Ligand code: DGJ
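Shown below, as structure tokens, is a lone chain in the form predicted on its own; questions about how it binds or moves come after it.
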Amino acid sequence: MRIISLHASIVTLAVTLAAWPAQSGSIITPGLEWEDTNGSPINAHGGGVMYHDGVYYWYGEYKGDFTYRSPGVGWDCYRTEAGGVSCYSSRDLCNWTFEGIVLEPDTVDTHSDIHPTMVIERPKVVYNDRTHQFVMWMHIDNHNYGKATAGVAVSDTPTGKFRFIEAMRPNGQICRDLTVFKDDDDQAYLIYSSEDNATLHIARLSDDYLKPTAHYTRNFPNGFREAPAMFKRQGKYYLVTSGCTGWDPNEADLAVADQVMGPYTPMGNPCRGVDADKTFYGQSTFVIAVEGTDQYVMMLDRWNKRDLIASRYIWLPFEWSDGKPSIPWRDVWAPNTACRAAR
């Protein structure tokens, strides 16, 4: 049955691609290698996208080309040396220009939290309208993921260089997979897996976005959810998460709330199509609100744990029916207005 489905998918993809103009970069093909405007594979894993002054900025983990397993660690702790955080820019969500490594690893101080021997994961950037700074939050860890902290860095421009400030445990709690959400009132929140990944915390950030405040909530206690991605639509807050199965895929979950800090009501798996029960072999990292439209894009990483730089990106649009969201698989698609206008 899987072979038949795969064959049908390939035929559908070929027919669909033939219907589009022969112009590279005008469409999104989830799961395939994605090149930047220089023809190099995009290297921005576990990332997030910020929109600022007409430009989308994609920040992600810059993976080295050597993947290894941390010695003496019981689980599948595959990793590369921390290469810092990369940045790409685009005006249409399809064609991305490499802006460089905007947060560079500290190769001099072996005790630095961003030394190459450390872990820098899931960077997210938001702009603070009060301080006029771009603030980056990321998961900072050591070789066995025992450090479990959140790191913060700042820059005066979206393309860096970002200055690393510190790594900490928010409110003294463990922090691993994380994201940042900026609400309509400019208040920002840190969402992160805590309590040994058993419970998801949502902490309000300080006015300058540089520290978590003591105001936080515990969500999905003992639910073991990670890879959070939050977005807001028509006054409701949506939160996509994955289960905790290391690098291996599992079923996504979507939850909804009337308040950003919860409580959240689970809505089940939003994915639809072949391999929906494995989130299309991807894991959530961020949701893009397409500027000027009612379209939301789910960003997923399809991890290749033995060759992490070769991990692929799955971007899919949400669909809405009677106010309920879903994420159907599409072999090929274009974001509303932006890419089509670029053709």
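Predicted model only: the values in this text are computed from it and were never measured. One rule holds for the numbers: they count along the sequence shown, beginning at 1.
The discussion below concerns the form predicted together with the named molecule, not included here.
Among heavy atoms of Thr279, none comes within 4.5 Å of the named molecule in the predicted complex. When the named molecule is considered in the predicted complex, Lys124 lies well away from it, no heavy atom lying within 4.5 Å. Within this chain, Gly246 lines the site of the named molecule in the predicted complex, having a heavy atom no more than 4.5 Å away.
Remark: Tyr145 counts among the residues lining the named molecule in the predicted complex, judged by a heavy atom distance of 4.5 Å or less.
For the marked spot (Asp36, Ser90 and Trp333), a heavy atom within 4.5 Å of the named molecule in the predicted complex is absent from each of the three residues. Per the 4.5 Å heavy atom criterion, the named molecule in the predicted complex is contacted by stretch 114 to 122, the sole one of 165 to 173, 114 to 122, 130 to 138, 215 to 223. Contacts to the named molecule in the predicted complex (heavy atom within 4.5 Å) from stretch 153 to 179: Asp177 only.
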